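As a starting point, one isolated chain is supplied in C-alpha cells, in the form predicted on its own.
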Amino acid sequence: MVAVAILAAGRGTRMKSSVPKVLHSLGGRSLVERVLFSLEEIKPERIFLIVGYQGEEVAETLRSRYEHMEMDASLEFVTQSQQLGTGHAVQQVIPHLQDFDGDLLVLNGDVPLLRPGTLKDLLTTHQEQRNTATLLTANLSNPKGYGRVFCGTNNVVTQIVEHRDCTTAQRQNRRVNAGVYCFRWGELSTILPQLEANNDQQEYYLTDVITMMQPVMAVDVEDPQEILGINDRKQLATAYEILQARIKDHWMMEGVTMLDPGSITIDDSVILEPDTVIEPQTHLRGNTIVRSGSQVGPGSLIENSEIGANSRILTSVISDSQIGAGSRIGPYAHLRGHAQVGANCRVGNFVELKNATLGDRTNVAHLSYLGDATLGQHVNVGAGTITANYDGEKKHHTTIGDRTKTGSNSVLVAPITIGADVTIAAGSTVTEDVDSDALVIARSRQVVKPRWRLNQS
C-alpha cells in the first residue's frame, strides 16, 4: 500500500501575493494540482494535503477541482497550524495512519514539474531494494540553496545537510536533495516524534530522520529541471518555459508543425492531431482539441474548444465553442458562449458569435453579431446583420431556416423565427416571424427631394 503526503502549508512570502503559493497557476493548473497529476502512475490508496496558511481556501479550491482529476484515492486535508518545518508537517499525519502498513511518499506542493514516471521509478527502487527510506536527488551545476546529499557506495545515503548549515567544503558537493522521499511508514512513524529543532531556523527537518534509518538510498533524477521549486515569480516563469518546451517537443514529435515555437503557448491539457499547423503568436488553452489538417493562427487564442479537421482559424478568439470540419474563421472573429459552427462554414472579419449554432455551409462573412441564435444550412448572413437578443432584462432567441439570406445591416429583433428560403432586404428591422419562401422588406421608403438646398444669406 502507498500513501502520499503533500506539503502545502507555507505562505510563500516571496510570491508577494494574497493567493496561497500552491494555488498559483502554471500552464492552466495550480502548482499543487500538477503535483497531484504526477501521481497518476502510482495510484496511491490515500492522499494527504497538509495545509496551513489560508488552508480553508486551499482546501475549498482543490475539493472542487479534484473531482475532475479521476483519481482513485480521496483527498484528505490535514492542518499544520504552526509551520515548524518539514518534519513537523509530516508529524501531522501520524494520527491518520495509525493502522497503516505500507510506504509513505512525501512531496512538496510547490515542486510542479515532476514526471509521473520519475515518481514511479522512485517507488519501484524503494520497494525492490527494501529500503527504509529512498530520496530523489539531482546533480546540479549550481546547487546553491539546496540541501546536499552525501552518499557512500551504491548510492547509500550517509548524510543530508541543509544549504544554510553546510560548511564551505560541503557546499562543493553537487548532489542535492529534491525534497521528495519514500519511507517505510512503520519505521518513520516511530522516529518522527524524536525529531529536534537543533538548527539555525529552529525547525524540525524531515531530513534528520535519514541518520536514524537504514538502509537509505538516493535515486538521481535524469532531468534536474524536474525538481525546480517555486518560491517567487521568476521561478514560476522559468517553470513555465520548461513546461512549454516539454509540451511543444512532444507534439512536434507527434506530427504537428509549429512555426516559431517560441511565440506559441500550449496547455498540456490540449490535444493536437497530426498534420495540424500552429502559426506564430497562437495560444491554446484548457480542454482544446485541434483535429488533423487544421491551421490555427497567426495571432489566435483558442480556449476549451474543438476545431474540426481541415479548418482554418486566422487571428481570432474562440472559447467554449465547436468548429466543424473544413470551416474558415477570421480574421478578427470572436466565438464564445458555446457557439457551434457546422462543416464548411465561413465566419469572417469582425464577426461575433455568442451561444449561436450555424448549420453546414452557412456564411457570416463580415461585421455581424449573432447572439442566442440557431441558423440552418446554407444560410447567408449579409454584412452588418445583428440579432437584437436583449430587451434590457432577458435574452431571447432567434431562429433562421435553411437557405435564408439577410441583406446588409439587417436587424432581427428577438424572439423571432425566420423560415426557410427567406430573403430579407438590406437595412430591414424585422420584428415579426416570417414564413418560409418570402421576401421581407422592413424599412422606411426612400424619399428624394430634388433641388434641396438650405437658404444661404
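So that there is no doubt, residue numbering starts at 1 and follows the sequence shown. The term rigid core refers to the most C-alpha atoms you can superpose between the two forms while keeping them within 1.5 Å. Because the structure is a prediction, the values reported are computed rather than measured.
Heads up, the form predicted together with a small molecule isn't pictured, but that's what we're talking about next.
- Of the candidate stretches 363-371, 105-113, 346-354, 283-291, only 105-113 has residues with heavy atoms within 4.5 Å of the small molecule in the predicted complex.
- For the residues 217, 84, 221, 258, the 4.5 Å heavy atom test against the small molecule in the predicted complex is passed only by 84.
- For the candidate set 147, 359, 382, 326, a heavy atom within 4.5 Å of the small molecule in the predicted complex is found for exactly one residue, namely 147.
- Heavy atoms of residue 162 reach within 4.5 Å of the small molecule in the predicted complex, making it an interface residue.
- In the predicted complex, the small molecule stays beyond 4.5 Å of every heavy atom belonging to residue 134.
- Proximity of residue 205 to the small molecule in the predicted complex: non-hydrogen atoms within 4.5 Å are present.
- Using a 4.5 angstroms limit between non-hydrogen atoms, residue 7 touches the small molecule in the predicted complex.
- Core-superposed comparison between this form and the one not shown: the CA of residue 285 stays below a 2 Å shift.
- Core-aligned CA deviation for residue 210 between this form and the one not shown: 2 Å or greater.
- A displacement of 2 angstroms or greater separates the C-alpha positions of residue 174 between this form and the one not shown, with the rigid core held in common.
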